[in-house]
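Below you'll find only one chain, the form predicted on its own, shown as structure tokens.
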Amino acid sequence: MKQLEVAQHAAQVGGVVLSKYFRQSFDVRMKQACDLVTTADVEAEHAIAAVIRAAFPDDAILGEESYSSDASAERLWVVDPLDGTTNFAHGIPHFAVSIGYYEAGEPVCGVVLNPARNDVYHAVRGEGAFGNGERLHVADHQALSESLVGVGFYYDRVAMMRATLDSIADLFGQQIHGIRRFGTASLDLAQVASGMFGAFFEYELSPWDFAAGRLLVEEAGGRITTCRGEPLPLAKTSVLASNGILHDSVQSIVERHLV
């Protein structure tokens, strides 16, 4: 489909911009406490938007840095030009370009690219999810005691962080194999889709953080909701993704501590 081709091309264009700046000198500023934005974020988003505009000039774009279209637009591109800015700013090669295309509020296709590793993930509604050309499947874990769980921390360092830590403690009480916090939600969702994580949760994410990764999880056979088990809105929300089998078990823990 043309939208997938455009998303893939736009992600590669954005990735070229990020690669140009990675481990080089660039300007960094704070959007809020512990929330960074770099020159690379802004330049990459403009480059991605230019590709989308050239192909679909009438479509709306919702981006993290510079584009603020209504999330209810009939044809909407949701763009995170640099997911994992803190990793990027510290020279850690775990960051991504994330592009999701939605129609009438539903995901149609999505692309997540880590340009530092040249890992690319994509999904199309009804056609499956793929990582570097290989079809993805969620883990077949039947119990939390078989699983590794991914987690994200929002920038709040008080109540929300405490709630996250309390949930982690309860998950360890279920004998999970471990917790991983990599700091790039789109890639965390790709890791659920790839069967690396049995589940992933974060108490607050923006739509550009999960717009593409959501479809990866669903098309790989998993389940993704809010931490209360509700359908994901295309808005700031909590996120819980899993292989489906473990969803209710993880939700019972993370919902208990949700603030």
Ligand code: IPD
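The first residue of the sequence shown is number 1, and the count goes up from there. Everything numeric here is computed off the predicted structure, so don't read it as measured data.
The protein also exists as the form predicted in complex with the named molecule; that form is not presented, and the subsequent description refers to it.
- For the candidate set T85, N114, T164, S147, a heavy atom within 4.5 Å of the named molecule in the model of the complex is found for exactly one residue, namely T85.
- Screening 105 to 113, 166 to 174, 120 to 128, 74 to 82 for residues having heavy atoms within 4.5 Å of the named molecule in the model of the complex returns a single hit, 74 to 82.
- Taking the partner from elsewhere, S98 is found to have every heavy atom lying beyond 4.5 Å of the named molecule in the model of the complex.
- Taking the partner from the other structure, the named molecule in the model of the complex has no heavy atom within 4.5 Å of any heavy atom of L234.
- The named molecule is not drawn, but in the model of the complex it has no heavy atom within 4.5 Å of E219.
- Although the partner is absent here, D209 is a contact residue: one of its heavy atoms lies within 4.5 angstroms of the named molecule in the model of the complex.
- Residues G152, F153, Y154, Y155 are the members of 141 to 155 with a non-hydrogen atom no more than 4.5 angstroms from the named molecule in the model of the complex.
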